[in-house]
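Here's a solo chain for you in structure tokens, the form predicted alone.
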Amino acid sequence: MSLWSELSRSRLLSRTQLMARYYKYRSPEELEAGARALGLDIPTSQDLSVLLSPCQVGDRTVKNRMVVQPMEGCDGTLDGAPGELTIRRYQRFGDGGAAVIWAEATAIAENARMNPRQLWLAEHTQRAIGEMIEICRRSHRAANGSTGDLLVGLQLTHSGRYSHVRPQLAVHDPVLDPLTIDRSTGQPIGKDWPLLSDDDLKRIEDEYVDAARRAATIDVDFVDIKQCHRYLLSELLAARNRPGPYGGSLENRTRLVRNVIGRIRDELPDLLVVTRMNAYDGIPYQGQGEDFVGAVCDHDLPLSTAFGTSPHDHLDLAPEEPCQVATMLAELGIAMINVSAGNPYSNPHVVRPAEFPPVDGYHAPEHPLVGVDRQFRLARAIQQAVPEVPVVGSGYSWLQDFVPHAAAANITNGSVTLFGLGRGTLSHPDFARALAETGQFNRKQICRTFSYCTNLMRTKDHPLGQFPTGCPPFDKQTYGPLWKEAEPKLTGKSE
């Protein structure tokens, strides 16, 4: 058992600890002291100027180190085009001043969509998505000046086992399969559920490249070939027990993503190619006991299908393969890597440390700072493996008032090149401009990680099959009425 694993186990929470609010820090120094008390090292810096300094991404220069991470709004039309709220979100992101706006998960095919309102880049939606990107740029220009040092990109995705039409598995996972639901029946998939064939994966490779061509046509600056959160390409990274050319060895498990990136680089050399990738999967948790604290699901050792995770201990990080993948992609000309971890459906506390769990989750079995530290460790490992590639760090939102202080320290010490906010951008889309103009975030807009956004996202009882998501506490006029409508559906109580 590694030291990291021993420390993680020692921080499992008692009921008394669980009932206490986690975030009580009044200064960066108190945050650092709280981390030290848990045996963690989360440095902060009072000098935030590095966040406003330019850096290189591929052959482009961006004006600051702040990134709007891909935050899906679940507010598109049923045919995959942006809706009114989608346009509003990217207008606000453009206005907000971040130098990199990483537009949300956009499916490469209809059956690759995670929900019926997810964006889908196809012939019939291409123009509308292009207009959304242009509105974002115009908004940035109006509020912040030139867009010459702004990058706006699009995340291309295949949802794999989480495709809403039908689960599409790259590999059988003995722990995750029993939790994977066939939405047509509402039942878990069986052990005989078919896997995507090698020919299916070759077809999906073509769909990725087709989508990249469309993205280039609508003038995005970059495309993200998404490899995180156990969607299809993320699952392939863990497909050790899959036979054939897409499973087993790391070379085989990366074949699809390497082919896609290589083809895009050859055919569309002016389009930057980036990736958001998991560097640690972990394994599923489920709530147990009176307090519904997350407990790891039953599993056999060694683990066979958890990428970046020790086969002998699910709490132990194993960054060797993620670093090898980053090195492979750097050799192919990847322009930027955004590091993430976990699975939002089966271990959400790993993906997004939070003050309160989402409605479909559980109370976290660890202090949120442990999750923040995990994300920081993973990003640092990838950045050290590919120092020539800018790495975007994740996992900052729970730090709330002191996000910029931790981000500045991580950039200054070389752990990352840029930092990203996800949930935090829904409540505070202009975080970058606020920092530039006032030297701090606006305290009245800082995300407190209450999970309202995820709870809205998880509410499916809607005429379009999916509630749109946003921030009801801090964007009340727009999302307050939606929350009022969704809350009884979530709680099962009538108003």
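Each residue number is its position in the shown sequence, starting from 1. Everything numeric here is computed off the predicted structure, so don't read it as measured data.
What comes next is about the form predicted in complex with a small molecule, which is not displayed.
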| query | finding |
| --- | --- |
| Interface stretch in the model of the complex with the small molecule - options 255-263, 309-317, 101-109, 195-203, non-hydrogen atom within 4.5 Å | 101-109 |
| Proximity of Ala279 to the small molecule in the model of the complex, heavy atoms at 4.5 Å | no |
| Partner proximity in the model of the complex: Asp221 to the small molecule, non-hydrogen atom cutoff 4.5 Å | no |
| Touches the small molecule in the model of the complex: Leu272 (any heavy atom, 4.5 Å) | no |
| Met457 within 4.5 Å of the small molecule in the model of the complex, heavy atoms | yes |
| Heavy atom within 4.5 Å of the small molecule in the model of the complex - the one residue of Arg117, Arg423, Arg374, Arg161 that qualifies | Arg423 |
| Heavy atom within 4.5 Å of the small molecule in the model of the complex - residue from Thr305, Ser346, Thr86, Ser397 | Ser397 |
